[in-house]
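This document opens with one chain alone, in C-alpha cells, the form predicted alone.
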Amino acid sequence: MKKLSVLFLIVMVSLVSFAVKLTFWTAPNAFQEEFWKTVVTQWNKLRPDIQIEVQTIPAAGSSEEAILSAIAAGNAPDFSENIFSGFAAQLAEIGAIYAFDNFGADFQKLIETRKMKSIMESWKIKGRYYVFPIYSNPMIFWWRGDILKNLGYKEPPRTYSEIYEVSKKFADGKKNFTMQVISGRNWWDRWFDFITYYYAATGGKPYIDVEKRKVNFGDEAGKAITQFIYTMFQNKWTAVELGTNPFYNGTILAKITGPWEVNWAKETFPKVVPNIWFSAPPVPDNYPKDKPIYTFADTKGLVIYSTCKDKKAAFEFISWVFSNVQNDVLWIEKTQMPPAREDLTTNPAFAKFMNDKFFKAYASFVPYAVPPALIDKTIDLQQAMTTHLIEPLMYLKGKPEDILSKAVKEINKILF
C-alpha cells in the first residue's frame, strides 16, 4: 500500500513538473477577474498537466496598447480576453492571433453547445474565426416612463417622426431636451450613436464594406440618420451639453446605455429606476413594423496568440469553460453582462435572471446586436467620423446631405 502511495506521488510530481504552463490575461475589471480566477482555480485542480496563471492586462493607455506593446516586446500572453472585433482584425492582419477553426470539429461542437452559431457569423475575419466572443452588451435606450405617461404615452416612440412629436410636447431648448442624440467626441462614442443608428435603420447591415474598403453609410439610411441628428440639434430638442445626470434629473427623456449602468442606477437613483422603460434605437419612418430592430453590440472576446506555447491546451481550457452553461450563469452573477449566447431568454439555466427587468431587456436584444466592423483602422475611421460628420451636424455647419457626402469622401481616403 505504501509503495502504491509513493508511486502515485511520483506520478503526480512528474505531471506537475512536465505541466504546460499558460498565461491568460483578463480585462482590468474586478468582476471579470473574479470570474476568471474562480474557473481557473477549478481547472488547475482538475488538470495538473495544464496549469493556467491569470494576470490582469498591464496598465497602459488602453488594453489594445498594452497587448500590442507585449507582442512587439516578445512577451505576449498565451491567450487573453477583452478583444473587440476591430482590434481582432488588426491582430489577424499582422499574424498575431491563431484561428479557432484550426481546431475543426471540436470548435464547431463548442459553437453549437453554447448556442452561438449566428453570433459567430458577425465575427468572421476574411472567412476565418479568430475570436471567441464571451459577452454581448446590446445598446438600448432607456426612457423616463413616468414623464412619457404624463405626456400621454403608453410606450416609447419608435421612429424619428414619433420622436419629433414627443419633442414638441416636452423640449423647450433651454432646460428640457428630448434625448441625448450624440454620445460624445471620443472615437469610441461613434459606436453608441451613428453606428448604432445605422444598424437600427438597416436591419444590421455593415457600415463598412470591409472587402472593398469603403463606407456603406452614404446610402439612404445614412441620409435619414444624418437628417435626424441635424433636425434634433436644429430644433434644440437636444444639445451639445446636457448637464450632469440629465436623464435621472428629468432634463432629458432618453439616453442610450449598456448593462454596466444598471447597478449604479439602482444604487444612486432608486426612485427613478422603477419608472424606466426600454426601447430599441429609433428607426426611419419607413422601417417595417414587423421587422426586428438591430443595435450595436459592445462585445468582446477571447483570442489565442500565435506565440502560445500550447494552442491545443489553451483551447481545451476554453472549451471546458464555455461548454458548461453553469459557467455562463456564474459569468452573469459576477459581471451582470449577457453572455454571447442566442438562448438567454429560452434556456432554463437563465430563467432566474429574467425576473430582473433590466437583464431581461438586454438579453432579448442579444440576437440582434451586431459588433463593430472588422476593420484594422477603427480608431482613424471613427476619429474622422467625429471630425467630418458628427461635429458639423452638432454645430449645424452646412446642409445634412453635404456634410454626409464630404464625410464619406474623407473616410474612404483613410480606408482605401
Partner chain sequence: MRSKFGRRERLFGYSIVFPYLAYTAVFWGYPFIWMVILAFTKWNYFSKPRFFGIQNFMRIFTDSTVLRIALNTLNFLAYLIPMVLTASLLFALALTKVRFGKTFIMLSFLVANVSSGVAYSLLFSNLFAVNGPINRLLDRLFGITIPWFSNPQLAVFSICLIITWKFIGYYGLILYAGLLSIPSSLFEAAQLDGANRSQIFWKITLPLLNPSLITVTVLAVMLTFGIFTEPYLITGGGPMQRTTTFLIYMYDTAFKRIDPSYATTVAIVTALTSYVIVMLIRKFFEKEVSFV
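This structure is a prediction, so every number in the text was calculated from the model and none was measured. Positions refer to the first chain, counted from 1.
What follows is about the form predicted in complex with the partner chain, which we do not show.
A.B. asks: Going by heavy atom distances of 4.5 angstroms or less, which of Lys271, Lys174, Lys289, Lys154 would be at the interface with the partner chain in the predicted bound form?
C.D. replies: None of the others qualify; the residue that does is Lys174.
A.B. asks: Select from the listed residues Gln383, Ser364, Thr56, Gln32 the one whose heavy atoms reach within 4.5 Å of the partner chain in the predicted bound form.
C.D. replies: Of Gln383, Ser364, Thr56, Gln32, the residue with a heavy atom within 4.5 Å of the partner chain in the predicted bound form is Gln383.
A.B. asks: Does the partner chain come within 4.5 Å of any heavy atom of Pro392 in the predicted bound form?
C.D. replies: Yes.
A.B. asks: How about Asp49 - does it come within 4.5 Å of the partner chain in the predicted bound form, if we only consider non-hydrogen atoms?
C.D. replies: Flag for Asp49 set to no.
A.B. asks: Applying a 4.5 Å heavy atom distance criterion, does Ser306 contact the partner chain in the predicted bound form?
C.D. replies: Yes, Ser306 sits close enough to the partner chain in the predicted bound form that at least one of its heavy atoms falls within 4.5 Å.
A.B. asks: Does any heavy atom of Glu241 come within 4.5 Å of a heavy atom of the partner chain in the predicted bound form?
C.D. replies: Glu241: yes, in contact with the partner chain in the predicted bound form.
A.B. asks: In terms of non-hydrogen atoms within 4.5 angstroms, which of the given stretches 93-101, 274-282, 163-171, 108-116 touches the partner chain in the predicted bound form?
C.D. replies: Looking at the partner contacts, the answer comes out as 93-101.
A.B. asks: Would you confirm whether the three residues Tyr135, Thr299 and Val408 all fall within 4.5 Å of the partner chain in the predicted bound form, going by non-hydrogen atoms?
C.D. replies: No residue of the spot touches the partner chain in the predicted bound form.
A.B. asks: Just to make sure I understand: among 68-84, which residues lie within 4.5 Å of the partner chain in the predicted bound form, judging by heavy atoms?
C.D. replies: Read in sequence order, the residues that approach the partner chain (within 4.5 Å, in the predicted bound form) are Leu68, Ser69, Ile71, Ala72.
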